[in-house]
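Okay, so here's just one chain, in structure tokens, the form predicted on its own.
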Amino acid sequence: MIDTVVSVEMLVEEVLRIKRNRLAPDECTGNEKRLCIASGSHGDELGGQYICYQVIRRIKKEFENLIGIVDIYPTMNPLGLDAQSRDFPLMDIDMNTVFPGDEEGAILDHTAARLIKDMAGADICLDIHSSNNLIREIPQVRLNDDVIETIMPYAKLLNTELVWIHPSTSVRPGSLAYALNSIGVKTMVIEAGVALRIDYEYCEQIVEGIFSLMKQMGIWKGEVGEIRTPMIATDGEVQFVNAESSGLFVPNIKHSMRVKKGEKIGTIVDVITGSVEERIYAPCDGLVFTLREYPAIEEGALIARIFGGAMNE
């Protein structure tokens, strides 16, 4: 059942509408587990759109296997999606900084508050993102260290290569995940791919993980494919590689490769002089789970992130 969760009149006779698709058994007892899947708070992140489509499609195809409630919010920032803008375009504000919002506040605060109100009471929420247009990410779950005891068992079911644990002190209030975890809704952030594009292989991988989670929750009784065991990373095991010069980044490695310490990651070149400004080398052995996608580089820009901890064989 498709419902409008938020409806706000805008200027020039436009209306902001955010819709939710609720998929539930024909006969509910009132004791069903409930999963929320949210995407599109950043208007340039498209992977979550495709994931939502595939989850809905599979549930409809095998509807007899649905024994719980799945609420899907594919597009939380429809104006940003229309404008191909990461932020909420009328205000140039990152929507994922305004939760939990204020129902009596301005447009964005009101929108955030209505979404939180609608998701409240869910057992688990997945907030799906696609990085930005500068860097590409392998499928990963990101968790705060103050919720890992209750959420980690679920994070391991999502068929990602990595679960990255962040110190809670580094996570800013204002995100959907922070706001929902604060009211008892177990919330995980999924990152995969790059903005403005869809990595279909990554999306299909995450879809399978979502059905694995649904089965564990008692929402789905259908078959689920084999689920990979993720590597678990803490901040101390992640090495950041940043540029020390400006120019054009020319990679020598591919995304998701394993590298050795001292292996050449790439070069930064000056396109006017034809000179090499910087040669970049891996600071440790590990997995390159983040790699620069957009080649134009300024000094200090992120080139890569490398997980240097224990890896699955």
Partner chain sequence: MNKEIIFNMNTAFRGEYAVVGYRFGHGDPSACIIGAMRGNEFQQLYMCSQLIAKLEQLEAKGAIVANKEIMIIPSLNYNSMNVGKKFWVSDNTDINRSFPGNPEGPATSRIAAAVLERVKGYRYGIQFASFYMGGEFIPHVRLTEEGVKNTSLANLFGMPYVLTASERTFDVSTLNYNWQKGGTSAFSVYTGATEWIDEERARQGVSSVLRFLTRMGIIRYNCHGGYISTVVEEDELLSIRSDMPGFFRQKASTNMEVTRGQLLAEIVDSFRGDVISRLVAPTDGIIFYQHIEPMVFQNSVVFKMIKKIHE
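All of these numbers come straight from a predicted model, not from anything done at the bench. Residue numbers count along the first chain shown, from 1.
Not on display, but discussed next: the form predicted together with its partner chain.
Put simply, of I151, I107, I227, M217 only one has a heavy atom within 4.5 Å of its partner chain in the predicted bound form, and it is I107. With the partner removed from view, the residue among G40, G266, G247, G286 that has a non-hydrogen atom within 4.5 Å of its partner chain in the predicted bound form turns out to be G247. The closest non-hydrogen atom of P173 lies within 4.5 Å of its partner chain in the predicted bound form. Its partner chain is not drawn, but in the predicted bound form it has a heavy atom within 4.5 Å of D87.
Taking the partner from the other structure, its partner chain in the predicted bound form has no heavy atom within 4.5 Å of any heavy atom of E223.
In the predicted bound form, its partner chain sits within 4.5 Å of a heavy atom of L134. The stretch from 97-105, 136-144, 192-200, 157-165 that comes within 4.5 Å of its partner chain in the predicted bound form, counting heavy atoms only, is 97-105. Contact with its partner chain in the predicted bound form holds for all three of M10, E13 and N242, each having a heavy atom within 4.5 Å.
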